[in-house]
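Next comes just one chain, in C-alpha cells: the form predicted on its own.
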Amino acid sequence: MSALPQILENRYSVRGFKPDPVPQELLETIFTQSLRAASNCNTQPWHTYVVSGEMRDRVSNAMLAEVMSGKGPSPEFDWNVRYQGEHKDRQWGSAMALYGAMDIAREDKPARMQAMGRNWQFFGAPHGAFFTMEKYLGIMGAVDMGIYAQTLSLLLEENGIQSCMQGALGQFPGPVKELLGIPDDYGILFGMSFGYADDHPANDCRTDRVGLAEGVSFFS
C-alpha cells in the first residue's frame, strides 16, 4: 500500500494529546507545504492562525470564560444545520461511539458537559489552529477551506502528528479575534487541535464509513 492510502486508513480524530510541542521548524515546513492546496480559481482564501505556548493558554482560557458565562455560541458563519435522515443517524452514531469510548452514560449530563468543555481546551493539545477567511466568500470559500484543512491534516499525519477538526473552535470567535488581532472582515470558520496523541480513552473511538455503492455512483 502506498503512503497516502495508509495515512487515510490510520488517521482518526484525536481528542487526547501529550503536552509536548511540535518543533517550530517542522511546523513551518508543514504549513508551507499545506499552501499548495487546491482552491477555486486559485483564490487561496485561507488565513490560518496557529496558537502555541502562552498564547494557546490565553486563548483557551478566554473561550472557556465565554462558555462558562452562559452566553450562547455566536459563530460568524451558518452552523445551524439540523441533520435529517441518514445524516442524523451518523451524527448520533458518532456521539454514541465517542461517549461510549469514554464510558460516559447518556444520562450523565455533568460528565458530558465536562467532555464537551475539552473542545475549548484543545483536548490538551499543545497547538491549536483557527481557519479564517473573508466573510463575503460564503459557500465557495468554505469549500476551499475544507480542501485546505484536509490537506493540512494529512500532511500532519504523514509527519506523525495527530489532529482533530473542531467546529466548536468557531463558536465563540469574539475573544479569539481580539487576542489574535483578526480583522473584522475575516471570520473564523472552524478550527483544529493538533500535536502528539496521548493515551486517552477518547482516542479509542472509531467511526465507520459508508461503502462504495452508497457513497459513489459511476456512469459510462
Ligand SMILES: Cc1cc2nc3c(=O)[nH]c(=O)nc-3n(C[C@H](O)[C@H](O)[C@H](O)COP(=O)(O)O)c2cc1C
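Residue numbers here begin at 1 and follow the sequence given. The model shown is predicted, which means the values in this text are computed figures rather than measured ones.
Another form, the form predicted in complex with the named molecule, is not on view; read the next lines as being about it.
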{"property": "Residue contact check: Trp92 to the named molecule in the predicted complex, 4.5 Å heavy atom", "result": "no"}
{"property": "Partner contact for Ile188 in the predicted complex: the named molecule, 4.5 angstroms, heavy atom", "result": "no"}
{"property": "The named molecule contact at Tyr196 in the predicted complex, heavy atom, 4.5 Å", "result": "no"}
{"property": "In the predicted complex, Ala168 touching the named molecule (heavy atom, 4.5 Å)", "result": "yes"}
{"property": "Options 29-37, 172-180, 159-167, 51-59; stretch whose heavy atom lies within 4.5 Å of the named molecule in the predicted complex", "result": "159-167"}
{"property": "Those residues of 206-220 which, in the predicted complex, come within 4.5 Å of the named molecule by heavy atom", "result": "Thr207, Arg209"}
